[in-house]
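Have a look below at one chain only, the form predicted alone, in structure tokens format.
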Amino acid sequence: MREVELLVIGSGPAGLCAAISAATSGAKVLVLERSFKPGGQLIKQTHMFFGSESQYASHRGVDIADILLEKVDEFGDRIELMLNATAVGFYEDNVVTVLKDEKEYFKIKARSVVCATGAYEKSLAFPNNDLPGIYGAGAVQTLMNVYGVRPGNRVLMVGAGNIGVIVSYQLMQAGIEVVAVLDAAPRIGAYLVHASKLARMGVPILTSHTVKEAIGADCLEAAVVCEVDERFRPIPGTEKRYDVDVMCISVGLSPLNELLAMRGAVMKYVPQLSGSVPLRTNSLETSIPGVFVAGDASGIEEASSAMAEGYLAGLCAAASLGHVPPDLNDRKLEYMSQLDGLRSGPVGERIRAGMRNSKL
């Protein structure tokens, strides 16, 4: 069994920032990443970020990943990245079981852990929703922006939040036709700056619509959509058919934190945070001493918030190990201030309510 000081599970924006922050305080960090490439969702995001300079506003996600990885490299052997390594179990005494390269199985015992496992995509129930050609938005981004593969020729986008609208624009940049974007809600959830790009390109955005069924034998050939009423019930006689070979489902994310539940952390379903999350302190420590959470595993937000939470969790995890920098309180207050700013205003009220409901 390998023993480490601080284990960070996940190398997305939260995990990388946690590792950087902890190493800055003097901790030695091992980062586990189940993919062949670190960076998490950042490596598939080609759009520019909002926020402030602290969260790399006006930089593209792929470029932010490179910036963070360059910082990781500056710490030399104080931060180790282990790729193609999936954490499959989390047990007492902070023992984590790992499957490496799909063939090597071993255990790691950590003095402290930051769980930054991210999120998984929600699905949508309708007849034939398992036909080839029906993807989650994250899968489409991976195909296009990581592997350079066109998912198809004609796409129906289901979901008019930021991800759905941004991916629609990226599809059109790749020369793929987006026949429509639909959403069951009566108004779109995306920022207008993103939605206006599609409107200018003539893509219809259909609110109060949902998918009635997918049509096809061996793969997707068409999609039938219909209007819904104020209670999201289909309205008969409003059906429309779109001949498409791709349907992209972008109906939200849920926190991916089964490892924390396995470890015994106190969990709570918090709808404002899009799922079951661990209760935590202001320092992002869960109900288990020495086990911290950051990023989408603590509740679904933007990548900017994930980075700020990662810095805070890494700082506090290192401090719990005895690596207490002289500017601990100043750094802690700075990260908390960044989070407050990112969650400010009417748009952030949902997140603020979720945070209040998930405090230890």
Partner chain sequence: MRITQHPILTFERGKEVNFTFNGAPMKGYEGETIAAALHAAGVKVLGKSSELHRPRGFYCAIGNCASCQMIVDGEPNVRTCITLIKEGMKVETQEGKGVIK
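Values in this document were obtained by computation on a predicted structure and should not be read as measured data. Residue numbers count along the first chain shown, from 1.
In what follows, reference is made to the form predicted in complex with its partner chain, a form of this protein that is not presented.
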4.5 Å heavy atom contact, Gly152 and its partner chain in the predicted bound form: yes
Its partner chain contact at Ser304 in the predicted bound form, heavy atom, 4.5 Å: no
Any non-hydrogen atom of Leu284 within 4.5 angstroms of its partner chain in the predicted bound form: no
Heavy atom of Ala174 within 4.5 Å of its partner chain in the predicted bound form: yes
Heavy atom within 4.5 Å of its partner chain in the predicted bound form - residue from Ser274, Asn94, Thr210, Asn145: Asn145
Interface residue in the predicted bound form among Glu74, Glu102, Asp77, Asp229, criterion: non-hydrogen atom within 4.5 angstroms of its partner chain: Glu102
Stretch in contact in the predicted bound form with its partner chain, which is absent here, among 308-316, 321-329, 30-38, 288-296 (heavy atoms within 4.5 Å): 30-38
Those residues of 224-259 which, in the predicted bound form, come within 4.5 Å of its partner chain by heavy atom: Asp245, Ile249, Leu256
